[in-house]
Each structure stands twice: as C-alpha cells, then as structure tokens.
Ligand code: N01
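Encoded as structure tokens, the following chain is the form predicted on its own, with no partner shown.
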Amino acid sequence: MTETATATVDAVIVGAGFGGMYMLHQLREQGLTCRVFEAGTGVGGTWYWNRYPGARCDVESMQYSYSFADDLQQEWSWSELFAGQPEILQYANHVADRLDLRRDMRFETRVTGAKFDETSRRWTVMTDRGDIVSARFCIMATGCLSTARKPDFPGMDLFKGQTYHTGHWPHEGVDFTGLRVGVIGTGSSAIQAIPVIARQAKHLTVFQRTPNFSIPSRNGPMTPDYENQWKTTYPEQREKARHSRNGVLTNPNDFSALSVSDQERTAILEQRWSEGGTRFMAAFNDLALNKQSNDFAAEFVRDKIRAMVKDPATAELLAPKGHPIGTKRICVDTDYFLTYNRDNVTLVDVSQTPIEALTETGLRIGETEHEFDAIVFATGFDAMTGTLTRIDIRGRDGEALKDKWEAGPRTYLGLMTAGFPNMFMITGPGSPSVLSNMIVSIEQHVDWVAGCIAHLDARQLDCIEADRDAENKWVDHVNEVAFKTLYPSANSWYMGANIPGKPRVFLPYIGGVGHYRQTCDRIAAEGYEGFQLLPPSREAVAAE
C-alpha cells in the first residue's frame, strides 16, 4: 500500500490478527475503504507473537479456522489434531494471500492514539510512524492476550545472561542446548514450553507460585478419515458450534456429577481423560457451578498428577488445591507433568518465599542464589483491557478510555462503550471471547459489526453509540452471571488478578456463546436496542 502519512478512509482497523483480517475482508465486501495498522511485521496476531517452544492451540484444528467461506475451509489441510504455532501462522498467511488483504495493511506500525471529533463525527487515528488517518469508524481488533505482562523484579538490568518472554519470542528461535535455564511461571505458555526446553537444556529450574490443572492433549497426526468426517459435515457442525456454550464441540454430558454413582463418575472422568483436551470439562454439566461436583473432577486430576510424578513432594506441589478446576483457563499439555521426572528438571515453590531480585548471574530467593545462562519469563498478559488502555483513546468531551475504565471495563455487549461513538471492539471485555473458541467469537463479532454498519448506511445514519443505561445493565448482567459460577473464586487473569493494582472484576461474559449470539441478534433485529443511532448533523455534513 502507499506509504502516506495522512489519509481518509471509512474505517481504521487496529490489529491484523484473525479479528482484523476478517473485519477487513467483510468491510471491503461492503464497499468500504479501510486501513489496518499492525505492530508486527506480518499477520497472525497471537500466533505471530507467541512463538515460544511448544506453542500450540488448545482447540482442535478442524474447529480452529474460519467458517465464513466454504472454499477456505475445504482447501486447507491440517497436519495435526491440535495445530502448532508455525502451522497456524502459515494458515493466517494463506488467508491473507487468498483474500489479498495486505494491500490495505500497514505493518510495523503501532497505533498510539485515537480521538473522536464531535463536529465531524469522525475518528482521527495516530501512529508511531507519523500517520494521521481520518475514519468514520474505529475498530479495535487488538486481541485479548496481546500485551505481555513483563515482570518488574528488582535487578532486571543486572542479569548478564539472556532473558525471554513467552509472549514476545524471538522469531529466529532460541537454542537452549547445554544451558542452565530458569522458567518463571507455570501458566498455559509455560506448561507448553517447559517439556520442550527440558529436552534441550543442561538443567531447567521451574519457579512456581501457583500450580495449574492441565489435561493431556492426546495430540497426533491428522488422519484423512477424521479430516473428511469434518469437511463433509462442516455446515451442520459449524452451526452447532455457533450455538453451543463455548464454541467448541466437545460432546458434553448433560447431567450432574452428583447424579451418578461413584463408579460411574470415575469411569466418565477416566474416559474424558483418555480422550484428552478441554473435552474433560464437558464430562458433567455442573463442573463450573457446583463445588461438590467440581471437587470430584479436581481430585481425579490431582490423583493423575500424583501417579505421573515420581517424587511425592514434587507431585503435591504440582497438584492445584487453591482453586476449582476450570476456573483458571484449563491447560492442555504434552508430557508436562512427566517432565518433572527428568534428572535435569527441578521445581522450586515460590508461593511462600517469593523471588527477591535478579542478580548478575541469575536470581535470588531468600538466602539462595540460583545461577542461569538464560531466564524465561512465562508471566502472562494484561488480558482483555491492557492493549486498549495503553492506547490514548479519547471519546466525547475528550474522555480517555483508560479513565473511564479505571475501576474496570464498562461495555455494552463487549462491542461498544458509551461515550465512544462509532468505535467497535472485536471480542472486547463483556463478551464471551477467551471463554470460547476465539474464531467462533471473532466471526460473530465481525458479522455483527459489519451488519450494523450496513444498517446505518442503508438508512443514511452516520453514528451509533452505546447508551449508558444499557451499558450499566449489561455490566450488571455480566457480573451477576459470573458470580453464579465458581469462576470468581479463583485469582485468575479472568479477574485481572495477575496484574498488581488492576481492578478485580470478571472480564469475559460467561453466559455462553449461543445465548450471547441470540442476545446480539435480537438487539440488532429490534433496531439496535440500547444504542443511539444518529443521522448526519449539519456540522458533520458541512465538514465533509
């Protein structure tokens, strides 16, 4: 695309991940002009940045792809049941090529600010490259897990070895052969990376504050029969997923863990464990609701950990006891717990005695010095809101989004926030997003936004804004539904608990992908209930 510092378009889209790519395609199909800004050098979003060893999707490959074009889903073949990062990034690039998306994208360009002008009813978007773009719509497709939480231990600049963050991994890869490596964190990224790093490193030391539940993925090669089974039934399967609870077809059992005998319950859990992946949480319909039911599943997994890990003391440290299973995002792994049986792997518990500081040669815990050649920070993300609040976004009367959200994000449907007209969010806080198959939720949001813009254009309206009363009611509903479940009982990133000083509110919508879709569809069908739709003002017309 032309390297111009100023431009006027119908829509600016921030981010070239799966959300930004599909949003661009949809709006171009509607005849709108668009400009996409992306901080990375290429498309792919999460799968562009997260290149750490072992990075892999926890949704089955046949379900983790676009469904909006049948030729796209028929022509692409996955090599594994659960695709790894390189293959998913290859798929993203394939889609960008097929749809000729790059001509409207500007890479290595970070959006620094966006300001709404009430007279012209247009957004002015600024970048770190000096771009100043005027747009009718500003669409934030910035992703839910795109701002890495970088640690702030004392002495970060002292360490003489190499440091890495799983969320910003070097594109050329890292060879840990023969090195003494420390990994800080045992969340999803660490659980995937640790087995791979352990096979390379001379010695690996893992520092764990909070153990996490993880289910073996049972990954393997994609078979022609399994692929064909999906491709011949995609229309029906996709429709089921869109109206399911979390956008993933897991063959859920619709009965309580308390409704069967101890023997039956154990047999069902055993079957789900052997199947692998997130299907485990669909063993019973009340694992997220009933503590007693959840306790059965949690203890089942703890017993599996105890059986896999040879050293009893290490096994107990790895067995989570501080939160119900599933209330932190359930992890999916390949040989994670078995890795602690290796002679070159040590687990250090830092829950009671935390890391004090980095030193020139490693890090210090109490009186103990740990020496390393390299340290990997698997410290997660400022989820859901971090990327948005780091951009200087200003709506009506110059109100800053970060100020409005100081006590926690406030949105209507996770799509818009009152006081910021014509600004949409793809899988924003208050929508199912991270509690779902992200591709399913992305497509639903993009389709809704594209339909909304088409509705405005067909009626010669130029502005839509969330009503504050509707927003308040939605925020109350999101919290009410969340607190009917066990989720808020965990100090998770769903609650913002991993970021010091971040408000403790439940960030995604837990009411279900299918129910949420029906709500959004109903609101649109009823003339966008809860939104204010405005015709062009005389000032806006004069400004054109």
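Position 1 is the first residue in the sequence shown; the rest follow in order. From a predicted model like this one, the values you see are computed outputs, not experimental measurements.
What follows is about the form predicted in complex with this ligand, which we do not show.
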Listed range touching this ligand, judged in the model of the complex by heavy atoms within 4.5 Å, from 183 to 191, 304 to 312, 365 to 373, 392 to 400: 183 to 191
Residue contact check: Arg56 to this ligand in the model of the complex, 4.5 Å heavy atom: yes
Partner contact for Tyr412 in the model of the complex: this ligand, 4.5 angstroms, heavy atom: no
Contact flag, Tyr52 vs this ligand in the model of the complex, heavy atom cut 4.5 Å: yes
Exercise: His445 in contact with this ligand in the model of the complex, heavy atom 4.5 Å: no
Full three-residue contact with this ligand in the model of the complex, heavy atom 4.5 Å, for Arg242, Phe284 and Leu486: no
Option touching this ligand, based on a heavy atom within 4.5 Å in the model of the complex, out of Arg106, Arg149, His203, Arg279: Arg149
Heavy atom within 4.5 Å of this ligand in the model of the complex - residue from Phe420, Phe213, Phe381, Phe137: Phe381
In the model of the complex: members of 308 to 341 within 4.5 Å of this ligand, any heavy atom: Lys328, Arg329
